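Below, in structure tokens: the form predicted on its own, a single chain.
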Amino acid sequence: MRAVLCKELGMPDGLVLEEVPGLVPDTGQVLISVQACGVNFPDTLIIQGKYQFKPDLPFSPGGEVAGVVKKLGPDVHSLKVGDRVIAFSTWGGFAEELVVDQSRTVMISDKMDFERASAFILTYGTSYHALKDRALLRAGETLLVLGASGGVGIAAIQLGKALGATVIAAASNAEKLSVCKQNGADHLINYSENDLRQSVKEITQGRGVDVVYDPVGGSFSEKALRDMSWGGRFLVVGFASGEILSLIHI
């Protein structure tokens, strides 16, 4: 089979496409014929050795795929050959085949195309866990999403609205904010042109926001932290800016 390989740590232009031996599922595993694979920020980190998981070289990046079950290993009872599934694997997805444990698969309906399915687990799974399980976001509360036009940001907007919250989307330009508006954001803040704290204060009439969803880090994290209402919750989702918020300096 063919696979995109990381043979030495570095940037995406160092990846190579090569023929590699086919895969065989072990006990409790399934072999998936990959039809589409999501591309996420962690993929850019893992090939540089900057992610919390560090597979041995060479390896194929790609943490989530959509495809069809091709072969079952021993003791697999939850799936059958031909099932359409999403699978999450941390790495290995940029290939024609992927072996994963059956517990790391989710069935999808015929109505969901492979391209959409392959980009579903990390963005929506991350945002749902953050908003529902960690922040306990409730109907009537106000949610501020930083970096709102990115994958997890759009998912946070949609899920925030589904949970009954008022959603404020913050991004760096009008084009990105237009996407946020199309996905349900109630209020928009261009933090390249407007002061984030002042804008939030005006939108919330001085009350502040109940939940901050921050996948960016950097200089806006402190401002957003100071924008929270009493009892507010701050979700540290990622550090796309490269700078990690240090609360000790606030």
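As the structure is a prediction and not an experimental result, all values here were calculated from the model. Numbering starts at 1 and runs along the sequence shown.
Omitted from view is the form predicted together with a small molecule, to which the following refers.
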{"property": "Contact at Ser178, Lys181 and Ser221 by the small molecule in the model of the complex, all three, heavy atom at most 4.5 Å", "result": "no"}
{"property": "Per-stretch contact check against the small molecule in the model of the complex, the hit in 221 to 229, 66 to 74, 194 to 202, 35 to 43 (non-hydrogen atom, 4.5 angstroms)", "result": "35 to 43"}
{"property": "Gly153: touches the small molecule in the model of the complex, heavy atom cutoff 4.5 angstroms", "result": "yes"}
{"property": "Heavy atom of Thr90 within 4.5 Å of the small molecule in the model of the complex", "result": "no"}
{"property": "Partner contact for Ala117 in the model of the complex: the small molecule, 4.5 angstroms, heavy atom", "result": "no"}
{"property": "is_contact(Val211, the small molecule) in the model of the complex, heavy atom dist at most 4.5 Å", "result": "no"}
{"property": "In the model of the complex, the residue from Thr166, Gln102, Thr126, Gln158 that sits within 4.5 Å of the small molecule by heavy atoms", "result": "Thr126"}
